[in-house]
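Consider the single chain below, provided in structure tokens and representing the form predicted on its own.
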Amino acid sequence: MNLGTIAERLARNRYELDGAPHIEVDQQAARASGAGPLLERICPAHVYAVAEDGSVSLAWAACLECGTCLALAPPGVLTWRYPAGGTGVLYRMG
């Protein structure tokens, strides 16, 4: 049974957006702690990107809600919550 590549499998997921970001970055804390490169490296969905000035942009709509960033980010860098009920990532199998 061929399940396809990881990218192909992730492309089967569906996203229902609730219109409000469920992740916020404290830019000052991110710059002070140097957390941007860490966030960029650990996110499996490539939600985070670091600019040359150390600011962190995010494409929160693509978040897989795995919580890795929340577990590893220095304290105070992220404000993170699950999307409203019925929204967010909807995983599909097969």
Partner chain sequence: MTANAGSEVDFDVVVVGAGVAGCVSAFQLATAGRSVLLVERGPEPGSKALSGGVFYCRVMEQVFPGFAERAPVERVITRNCLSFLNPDSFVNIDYGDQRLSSPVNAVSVLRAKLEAWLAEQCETARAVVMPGFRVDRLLLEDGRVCGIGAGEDELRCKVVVAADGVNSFVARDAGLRTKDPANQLAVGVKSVIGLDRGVIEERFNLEGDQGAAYAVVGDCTKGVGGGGFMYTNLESVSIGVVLRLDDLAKRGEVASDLHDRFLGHRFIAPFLKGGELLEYGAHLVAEGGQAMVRDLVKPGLVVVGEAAGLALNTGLTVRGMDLAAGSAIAAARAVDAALEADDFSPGVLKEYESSLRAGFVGRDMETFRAAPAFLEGTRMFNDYGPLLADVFHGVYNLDLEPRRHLARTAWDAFKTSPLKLSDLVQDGWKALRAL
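Think of the rigid core as the biggest set of C-alphas that the two forms share within 1.5 Å after superposition. Numbering follows the first chain given and starts at 1. What you are looking at is a predicted structure, and each value in this text was computed from that prediction instead of being measured.
Keep in mind that the form predicted in complex with its partner chain is not shown, yet the notes after this line are about it.
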When the contact criterion is heavy atoms within 4.5 Å, does L70 count as touching its partner chain in the predicted complex?
yes
Spell out, yes or no, whether the shortest heavy atom distance between A59 and its partner chain in the predicted complex is within 4.5 Å.
no
Distance check, D26 to its partner chain in the predicted complex, heavy atom within 4.5 Å
no
Determine whether any heavy atom of G86 comes within 4.5 Å of a heavy atom of its partner chain in the predicted complex, and answer yes or no.
yes
Select from 1-36 the residues with a non-hydrogen atom within 4.5 Å of its partner chain in the predicted complex and write them out in sequence order.
M1, L3, I6, R9, L10, R12, N13, R14
Superposing on the rigid core, do we see a C-alpha displacement of 2 Å or more at R14 between the shown form and the other one?
no
